[in-house]
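Starting off, we have a lone chain in the form predicted alone, written out as structure tokens.
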């Protein structure tokens, strides 16, 4: 079933260049402090910070405006335990049998392995599902377009919002992830893409001494 949209005037305020630069520089400085955290404190987090972040993610552009995403927020300790057990089983299999030596060598500097305590320690897990297709009220399927790209943009906004709120995050992609749909009781058309653990860092949390590529390495300006 197609939708017909009406059009309204764009609400847009053009900023002075000085304010544009100040906002841009401040946001860059903030995001440069973002790090992936693997050691979480059990301290509680305001649910409103999580729901605001999901609402921010929901503002992302998407193919044909189909918004093909679902965000499942998990705080229940037993459900987190189930997710950790299933994820560790898949990760153990990956580290011991599925991963190539080259892949494991690339991960070695980060100090990761199949143990995933953050899945229980973090106060919240946000499970991001992509909607491979939509479903009409009569049960017929709706084709979705640019699903992975759309959900990827939404997750970027989610992470930026959580960091702006002063929270730490860890993106985790166990493979395969079918168990997440089963535990979260999602319909067949929803496919898990990622787990984002959210909370405050543990007091003794450490991060690896890695850096990001320089601007010169990632930017090409074609005048």
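Positions refer to the first chain, counted from 1. Keep in mind that what you see is a predicted model, and the values were worked out from it rather than measured.
There is also a form predicted in complex with 3-iodo-tyrosine (IYR); it is not shown, and the following applies to it.
Asker: How about residue 116: is it within 4.5 Å of 3-iodo-tyrosine (IYR) in the predicted complex, going by heavy atoms?
Answerer: Residue 116: yes, in contact with 3-iodo-tyrosine (IYR) in the predicted complex.
Asker: Check whether residue 145 has any heavy atom within 4.5 Å of a heavy atom of 3-iodo-tyrosine (IYR) in the predicted complex, and answer yes or no.
Answerer: Looking in the predicted complex, residue contacts with 3-iodo-tyrosine (IYR) do not include residue 145, since no heavy atom lies within 4.5 Å.
Asker: State yes or no: in the predicted complex, is some non-hydrogen atom of residue 95 no more than 4.5 angstroms from a non-hydrogen atom of 3-iodo-tyrosine (IYR)?
Answerer: So residue 95 counts as contacting 3-iodo-tyrosine (IYR).
Asker: Would you classify residue 110 as touching 3-iodo-tyrosine (IYR) in the predicted complex, given a 4.5 Å non-hydrogen atom cut-off?
Answerer: Judged by the heavy-atom cut-off of 4.5 Å, residue 110 is in contact with 3-iodo-tyrosine (IYR) in the predicted complex.
Asker: Answer with one of 65, 51, 173, 32: the residue that has a non-hydrogen atom within 4.5 Å of 3-iodo-tyrosine (IYR) in the predicted complex.
Answerer: Partner contact (heavy atom, 4.5 Å) among the options: 173.
Asker: Please tell me which of 153, 86, 99, 73 lies within 4.5 Å of 3-iodo-tyrosine (IYR) in the predicted complex, judged by heavy atoms.
Answerer: It is 99.
Asker: Can you confirm whether 38, 91 and 103, the three residues that make up this candidate site, all sit within 4.5 Å of 3-iodo-tyrosine (IYR) in the predicted complex, judged by heavy atoms?
Answerer: Yes.
Asker: Heavy atoms within 4.5 Å of 3-iodo-tyrosine (IYR) in the predicted complex: which stretch in 182 to 190, 56 to 64, 165 to 173, 43 to 51 meets that?
Answerer: Looking at the partner contacts, the answer comes out as 165 to 173.
Asker: Going through 177 to 216, which residues have a heavy atom within 4.5 Å of 3-iodo-tyrosine (IYR) in the predicted complex? Please give them in sequence order.
Answerer: Residues within 4.5 Å: none.
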